[in-house]
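Take a look at this one chain, the form predicted on its own, written out in C-alpha cells.
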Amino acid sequence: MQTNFTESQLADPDTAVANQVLRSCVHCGLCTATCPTFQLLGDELDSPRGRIYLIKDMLETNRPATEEVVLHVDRCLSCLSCMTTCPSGVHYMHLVDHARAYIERTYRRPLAERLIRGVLGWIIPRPRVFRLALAGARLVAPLARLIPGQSMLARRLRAMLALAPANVPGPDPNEGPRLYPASGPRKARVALLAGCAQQVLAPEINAATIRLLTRLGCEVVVAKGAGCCGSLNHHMGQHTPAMTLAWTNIEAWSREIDKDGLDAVVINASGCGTTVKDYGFMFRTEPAANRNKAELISGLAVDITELLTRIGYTPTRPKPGLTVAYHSACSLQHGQQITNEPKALLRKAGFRVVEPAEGHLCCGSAGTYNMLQPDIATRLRTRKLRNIAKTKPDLVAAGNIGCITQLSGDALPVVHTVALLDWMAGGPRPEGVPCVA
C-alpha cells in the first residue's frame, strides 16, 4: 500500500511503525474471510482491510478521529485472526493499538461512554476494587431487566450486569506475593503473573497452576508489586495507565531476576500473555536500560502450556474417558501462534479432544468488548456455542479467563486447560466437571 506521510510525521516513532505496517498491506482481502465482524456485518469498513484504509487516512491527514472511524475501530475485537490469515505479514495489532491511542487523544466521546470506559479501565485492573464492584453488581443484577430503552448505554449496562457472577469468590488466603517451593529437587524458578480479573473471578486457576508447577519441580514466585498486565487499558487506547501497569510488572520481575534469577514468566491468561510478550515493543522508545528490561521480560514470557510442554508434563491418574471441546482463545492461537501445545497436553492427560468448526472465529469476549459491544459479542457467543454443541462434548477447555466467562452459563462446564491438567496429575477435580469412574 502506498503511503504519503511527511518527513516530520515519520519522525514520530508510532507513525513510523504505522507507515511500515500500512506499506506491507497489498489489498488482497484474504483477511475479510476470517474477520468475525465482517462475517457478521458484511461491511467492508468492519473488516481489517477497511479499518486499515480508515486508519491510514486519519493518520496521514493528521486530523482528529471522526465518528465513522471510531465506530469501526471500536467494533474491532483485536482477535488478530487477520494476522494469522495475512500472507504479507501485516502486523495489524500494532496498527490498531496505535489507532486506539490516537482516537483517545483526538476524539471526545459522549459523556456516558467516557464514564463507562473510564470506570472499566480503573476498576478491573484492581482486584480488591473489582471484587467489591462485582459484589455490588450481583445485588442489582436482578434489576437489569428494568433498565429501559435500546440505547447503547442501556444495552451496555444490561450486558455488564448479566456478566456479573452469581457468586463472587472471596479472597484466596494465598493471594498476594508469595514463594512456592518446588516439590523435590528444583528444576526451574518461574514467576507467575497473578493478574487482575482472573484472580477475582476464578482464583482456582492460579491455584491449579501453582500446584502443578511445584509438583513438576518448579519454584513459583508471585512477585511483590506485579499485577495487571495492562492489556485492558491498552486495548481501550488508555496509553498512560497501560504503560504504568506494564512497567510495574517489569520492575517487579526484574527484581526477582536480580535476586535469584528467573527461567520464565508464566502466564495462564492468554490475553495477558499476548501483551506481556509485546512489552519489548511497547517500550521500544524508552531509554536503553528500560527498553532492555522490557525486552528481557518479553523474552521470558511463556504461556503455561508452553512451559508444561518444555518441562515434560506427565499425568498420574487413569484416563478420565471424557470428551473435551477445545476452544482456542484468539489471543493464544492468533496473538501468540500457540495452537498445538494445549491440545497435545490434553490428549496426553487422557482426554478425547474435539475441535469445533470455525475455531478461528472469536467468541466475543475480547477483554471489555462483550460489555462495550454487547450485540456483536452476543451473536459471536451464540455462534461459538452452537459450533461447540455440535461436537457433543462433556466439557469445554480454554486458556483464557475472558473466554471462560463468555462461554459459561449454559449446560456445559467451561474449564481452564491447566485445571484439567492439574486434575489428571493429582490435583482436585475442577468444579462442574463430570465424575468419572
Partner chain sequence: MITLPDPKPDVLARRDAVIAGLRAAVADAEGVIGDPISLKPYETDGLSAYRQMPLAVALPESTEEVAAIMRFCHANGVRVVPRGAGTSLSGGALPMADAVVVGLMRMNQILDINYADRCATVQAGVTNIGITNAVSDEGFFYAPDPSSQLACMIGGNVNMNSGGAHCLKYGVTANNLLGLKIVTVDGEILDIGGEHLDAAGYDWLGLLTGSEGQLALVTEITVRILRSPEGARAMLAGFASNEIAGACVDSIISSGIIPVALEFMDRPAIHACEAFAHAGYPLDAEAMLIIEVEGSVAEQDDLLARLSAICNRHNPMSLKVSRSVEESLAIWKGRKGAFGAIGRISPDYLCMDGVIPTSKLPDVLRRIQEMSDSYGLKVANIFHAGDGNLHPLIMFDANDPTSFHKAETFGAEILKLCVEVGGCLTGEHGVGVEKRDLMPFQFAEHELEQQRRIKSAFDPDWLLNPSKVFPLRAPAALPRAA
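Numbering follows the first chain given and starts at 1. Computed from a prediction, not measured in an experiment: that's the story for all the values here.
One more form of this protein should be noted, the form predicted in complex with its partner chain, which is absent from this view; the next part is about it.
>> Against its partner chain in the predicted complex, would V433 count as a contact residue? Criterion: heavy atoms within 4.5 Å.
In response: Judged by the heavy-atom cut-off of 4.5 Å, V433 is well away from its partner chain in the predicted complex.
> Is there any non-hydrogen atom of T66 lying within 4.5 Å of its partner chain in the predicted complex?
Replying inline: Although its partner chain is absent here, T66 would touch it in the predicted complex, with heavy atoms inside 4.5 Å.
> For A389, is any heavy atom within 4.5 Å of its partner chain in the predicted complex, or not?
Replying inline: Heavy-atom contact with its partner chain at 4.5 Å: absent for A389.
>> Taking its partner chain as it sits in the predicted complex, is G42 near enough to touch it, meaning that at least one heavy atom pair lies within 4.5 angstroms?
In response: Although its partner chain is absent here, G42 would touch it in the predicted complex, with heavy atoms inside 4.5 Å.
> Of 364-372, 393-401, 30-38, 407-415, which is the one stretch near its partner chain in the predicted complex, taking non-hydrogen atoms within 4.5 angstroms as near?
Replying inline: That would be 30-38.
> Heavy atom within 4.5 Å of its partner chain in the predicted complex: which of T309, T214, T339, T85?
Replying inline: When its partner chain is considered in the predicted complex, the option within 4.5 Å is T85.
> Are all three residues E113, R131 and L163 in contact with its partner chain in the predicted complex, where contact means a non-hydrogen atom within 4.5 Å?
Replying inline: No, the candidate spot makes no contact with its partner chain.
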